[in-house]
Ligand code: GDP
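Next up: just one chain, as structure tokens, the form predicted on its own.
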């Protein structure tokens, strides 16, 4: 039995969905531990692309137990739409009774709060994620388990709605929401999703105790973590190993294996400093070849070279057992490939650890190690053969971070993967 956690080691969009789906082949349970439908995990099976936002990435396997954990914020309408879009057989689905619900006023608030930030706009997806987590922290949130009891729904709405309507008025946003209208919406959600709601912590722990392999699927990435990300350009939850344990309801000591997922290059959506960003034809080429457009928003992602300074921080707070390197195929057939090994500060000093100050980070320039490129013709996935230049690149990343590489992804499909 193993409990494996899948962690995004960068700013999100690393390919966690594919890695989770691939590793699910030897697992019984896949549990989402945080985030909401601001996440976007793309899985390709037999040439068909599935885009998941709330459903765990094991849902496409009929023998899989899929859990939406207590750390996730749930938009029931999005969840129902995703379920309706699945064709064929699917795995079992369970939703934590402790997971908080994204209400209609949360989505309205998200836009108002974001536009009020001006130059400090975070680049939120506008799906109500932040306001929902805010209500959770303010102790006026509504949980999935609350939907099962009429009296509790009304009690929660009577506390939450006035506060949120006051905020909407502050941002000049009109609405016609009432306790009665929201109560009816909640009852409809209960009718359609109530049978899935359970004590997910108890469920996951029972599977662990039974000796089943469990995958904890994180959303977003370490560098938009609420604690250690590039604050304030961060998400509202913790996409770390600690967050995965808490958000799925298991003890941290039960996690055996932590897979850090990183692209062979780097992308970012939204605002904030990006030392290795490529604002040139190389960056455009990577964006087009890698189809670097947000799964949730469709926005073009900013692209740059792989940054080992970032990954050192990710490993330090998450404790990676191994790395999964994705989209290595996108860098094929380039003349040269760069990897950032350090930063140079404004005063010329070398910086080896990711700064917490954004003003400091914005003044850093990358120090690169340059590698010769490799030809795509030298790759034979079926035989596990890769060019020597690619191997040298991977060896350098592994040795620099002192983390073994366990998986290399050379395409979106399950079969486009090499196990190291």
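Keep in mind it's a predicted model, so treat the numbers as computed, not measured. Residue numbers count along the first chain shown, from 1.
A second form of this protein, the form predicted together with this ligand, is not displayed here; the remarks below concern that form.
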| item | value |
| --- | --- |
| 4.5 Å heavy atom contact, residue 394 to this ligand in the predicted bound form | no |
| 4.5 Å heavy atom contact, residue 40 to this ligand in the predicted bound form | yes |
| Non-hydrogen atom contact residue 411 with this ligand in the predicted bound form at 4.5 angstroms | yes |
| Partner proximity in the predicted bound form: residue 326 to this ligand, non-hydrogen atom cutoff 4.5 Å | yes |
| Stretch in contact in the predicted bound form with this ligand, which is absent here, among 185-193, 171-179, 158-166, 328-336 (heavy atoms within 4.5 Å) | 328-336 |
| Candidate from 98, 207, 136, 301 lying within 4.5 Å of this ligand in the predicted bound form - any heavy atom | 301 |
| Residues within stretch 1-33 having a non-hydrogen atom within 4.5 Å of this ligand in the predicted bound form | 13, 14, 15, 16, 17, 18 |
